[in-house]
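Below, in structure tokens: the form predicted on its own, a single chain.
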Amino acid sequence: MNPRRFFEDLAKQKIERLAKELQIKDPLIIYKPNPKFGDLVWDTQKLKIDVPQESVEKLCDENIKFQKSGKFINITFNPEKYARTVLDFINSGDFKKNEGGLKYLIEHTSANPTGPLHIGRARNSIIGDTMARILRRLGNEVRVEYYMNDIGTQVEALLIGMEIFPDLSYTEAYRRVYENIEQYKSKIEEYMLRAEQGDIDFLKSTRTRLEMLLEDVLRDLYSLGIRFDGIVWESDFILNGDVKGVLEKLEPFLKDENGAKYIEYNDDKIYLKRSNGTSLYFTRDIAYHIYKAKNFNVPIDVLGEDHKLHFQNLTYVLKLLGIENIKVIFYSYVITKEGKMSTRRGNVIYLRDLLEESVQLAEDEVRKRHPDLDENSIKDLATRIGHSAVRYNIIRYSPEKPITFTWEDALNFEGESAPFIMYSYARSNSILNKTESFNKGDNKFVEREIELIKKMGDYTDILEEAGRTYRPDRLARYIYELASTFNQFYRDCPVLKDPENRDRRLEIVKAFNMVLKDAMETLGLEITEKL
């Protein structure tokens, strides 16, 4: 058990025994307060009795202090004992042990390859990949999939554009067709019908062309360390009969409209089959989610907030089939000063351009700070810093919060940024590399040391909270706070130049180094031994 939870449980057991003695039947409200009030607080405002001062005093022991303050009882862990417990827990490696035991499937990105990824879509990818890393770190089995649409209006418009305008980039060819969609409507319907009827040669040709375009998308994601365990093709659910099976299972709920089939929901109609006999994207998505639900404990979709209605309809229909384990992470838009980005309108900032700019800025900084480095080392370091900067700048915002993109914020290497965190790790690494060995230190911790150790003691809880709530930004904010606390410790507490406190402080630096490295890897940030 992690130290914080151990001390919390000790405190809660004492409170529960006292509540029983005082015949308190009201719910006990115990939570983590502002640090200036202690490590825990028992809020007794809503209790029908006043907890006697002498009863509070009897709760105190060598591990935990209880102090009444009006209607609150502040709880403080013995700082030396708690600090020692945290250090031993981290430096033993026990903080890395987790037994999640669940099977997760995370579907993220799933963008039609109508052009390179813009940073709005990349937010989906970074959130999905970071959640996969967090859940794996918590001991779970996680599979990550990309759902590739090879049927539908956008895809057929893309393919037709590439045929009609072979001399244009595929992005521009797609835009030409989509902006004049009525002109190509019959051709699009013809292609969709061929796909729906399982025309193998047509689907094979479609897939071959889309795979080439998909590689362009995946290349940008690979540069950020984002990988997929599998690509799932939409047409497979037609070819294997799953779409037909969906319509058969939902037959009791289907209504007819001139041959089209739909389900009524909230005075609206959810269409699953067109009058010409072809299925809709929604129907194929139902088939995909049935597969997810059958094979995984927790399937998670990462979706833009504009898909809320789709997901609401999806979960309603799945519930009719007895499926209720699908989870979702909605994220808000990344917008520019001109508004929401759109590949169709050409109003985009591509991820690859942002990465190139970020790496170039990092390279300029590295050359200024380390003119002695060789060219390969400069470029390698700049790439690590630049890519981590982009990744962290996206993940540090809560998913539901919109991000207004500016180049100044995206390429800011000061303050709450990946370079600051990476520099803190490199600084701790430099300290450890200057000594061959050290002994276990004493317990004469000073305030600044205890502050850092307490922050490290929060890591396991923050990690579990991020996994439980699907909020990777919680972990991102935590490691910035951890790095900031370390830098304050470094400023105020000499390590190698203070023989009396050397071993204890080296022990603290080692623990910090281990926790920060683990958190950075979990967030997908690059590790650099020097910076």
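From 1 onward, residues are counted along the sequence shown. Computed from a prediction, not measured in an experiment: that's the story for all the values here.
If you look for the form predicted together with the RNA, you will not find it shown, but the lines that follow are about it.
Proximity to the RNA in the predicted bound form, defined as a heavy atom within 4.5 Å, holds among Lys401, Lys327, Arg219, Lys444 only for Lys401.
Put simply, of Phe296, Phe253, Phe202, Tyr271 only one has a heavy atom within 4.5 Å of the RNA in the predicted bound form, and it is Tyr271.
Here the chain stands by itself, but in the predicted bound form one stretch of 83 to 91, 126 to 134, 274 to 282, 209 to 217, 274 to 282, has heavy atoms within 4.5 Å of the RNA.
Proximity to the RNA in the predicted bound form holds for all of Phe37, Asn412 and Pro494, with the criterion being a heavy atom within 4.5 Å.
When contacts are judged by a 4.5 Å heavy atom cut-off, Ile431 counts as touching the RNA in the predicted bound form.
Taking the partner from the other structure, the RNA in the predicted bound form has no heavy atom within 4.5 Å of any heavy atom of Arg5. Heavy atoms of Lys65 never reach within 4.5 Å of the RNA in the predicted bound form, leaving it off the interface. Mapping the unseen interface onto this chain, Ala426 counts among the residues with a heavy atom inside 4.5 Å of the RNA in the predicted bound form. Residues Lys36, Phe37, Val41, Asp43, Gln45, Lys46, Ser69, Phe72, Asn74 are the ones in 36 to 75 with at least one heavy atom within 4.5 Å of the RNA in the predicted bound form, listed in sequence order.
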